[in-house]
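A lone chain, given as structure tokens: the form predicted alone.
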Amino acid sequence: MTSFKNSFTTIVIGLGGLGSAAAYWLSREQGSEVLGIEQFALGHERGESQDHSRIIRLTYHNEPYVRFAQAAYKTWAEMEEDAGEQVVVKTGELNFWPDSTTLREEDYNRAMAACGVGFERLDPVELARRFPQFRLPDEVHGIYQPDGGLVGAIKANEAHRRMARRNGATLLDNMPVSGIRQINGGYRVTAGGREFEAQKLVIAAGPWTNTLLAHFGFRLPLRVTHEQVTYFNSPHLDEFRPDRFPVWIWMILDNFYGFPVYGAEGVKVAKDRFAPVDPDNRSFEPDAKNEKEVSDFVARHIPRGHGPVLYTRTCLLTHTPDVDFVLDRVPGHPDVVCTVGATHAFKFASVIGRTLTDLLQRGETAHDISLFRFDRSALQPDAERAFEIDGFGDFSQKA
């Protein structure tokens, strides 16, 4: 393929975690008829998915999510086989449940049991015996699920893009979209000073979703926030390798969560921050208050994982009012699909890419995506008030 090709079957707009996955799965069927365009440099750190690790887990609060997570594991395995590279590392997952929480543990346990997912309840004594890295108050118990772990986010993004190109797809970066309009039953996309035509479009633009949907007369009730993760240079890193230390989540609103050592020589821990920002005019400087809260938590509850801050990395997250994904056709445009990760999608990235492909290629998917439709009540025009009235929903989904 030459760089002068301007007409394609499908254009994917946005090549972060979800868009890169869509480009890959589409390229398996459409080959050189796939174009992916990214407004910044490939692998940039201005968005949501460019870090060493993201949690993957089966612990969700309802059956559709658990079943979609089970499909995610299968899809990652197929992608890994194709890539000849491991991106999913199973470490086990611990959910810590304190006495005081706004979340409902029984919903999680019931959904996992209904889907045949095994898990264990660990009392404080058993927690201390099996995971001595933690120092927990007696009122905290744990739910352990052995299939939990991490996805190597940077590795997965690069693998999806590498294989898309191998399959013939064209991927172009530094190509901001300035126009989308319908022509001759298809679409003309103006990006980076060039014009491209396609029969079908994928919108996977994260914080910039509404900028693109405006070309179709839509606006979703989304909020973009600044978040961050901190890596600690512990003197005891060997105790926190993936074969010795699980991913974990403290199950409260504004939850803490963390990872074993992977990708960087530090223990990675974060706390939800929820500071609304303009994605085009935001600071990349870490929030000192959030960093201190995380450091204090680690010193108190994971003391041998504490140490000098190796670095703190900032990112963006895009929220929906109900914390559920967007994964659907744009109303009135059956050949345009859109996805929004709603703060917790990276673990599903490859299966989301595959599902978008199914919707465009076959008009349907085998997965239950009824929670993710455009027409649900949480995405109606007045739903944005929910951010002020009800807060941000169940953010235990985020990690």
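Please read these numbers as outputs of a predicted model, since none were measured by experiment. The first residue of the sequence shown is number 1, and the count goes up from there.
Below: the form predicted in complex with a small molecule, not depicted.
Of the candidates Pro246, Pro321, Gly206, Gly266, Gly206 is the one whose heavy atoms come within 4.5 Å of the small molecule in the model of the complex; the others do not. In terms of contact with the small molecule in the model of the complex, the residue from Cys338, Val66, Ile55, Leu360 that brings a heavy atom within 4.5 Å is Ile55. The small molecule is not drawn, but in the model of the complex it has no heavy atom within 4.5 Å of Gln30. In the model of the complex, at least one heavy atom of Leu18 sits within 4.5 Å of the small molecule. In the model of the complex, no heavy atom of Gly186 sits within 4.5 Å of the small molecule. Shown alone here, Leu356 lies farther than 4.5 Å from the small molecule in the model of the complex, counting heavy atoms only. Picking from 312 to 320, 130 to 138, 104 to 112, 292 to 300 the stretch near the small molecule in the model of the complex, with a 4.5 Å limit on heavy atoms, gives 312 to 320.
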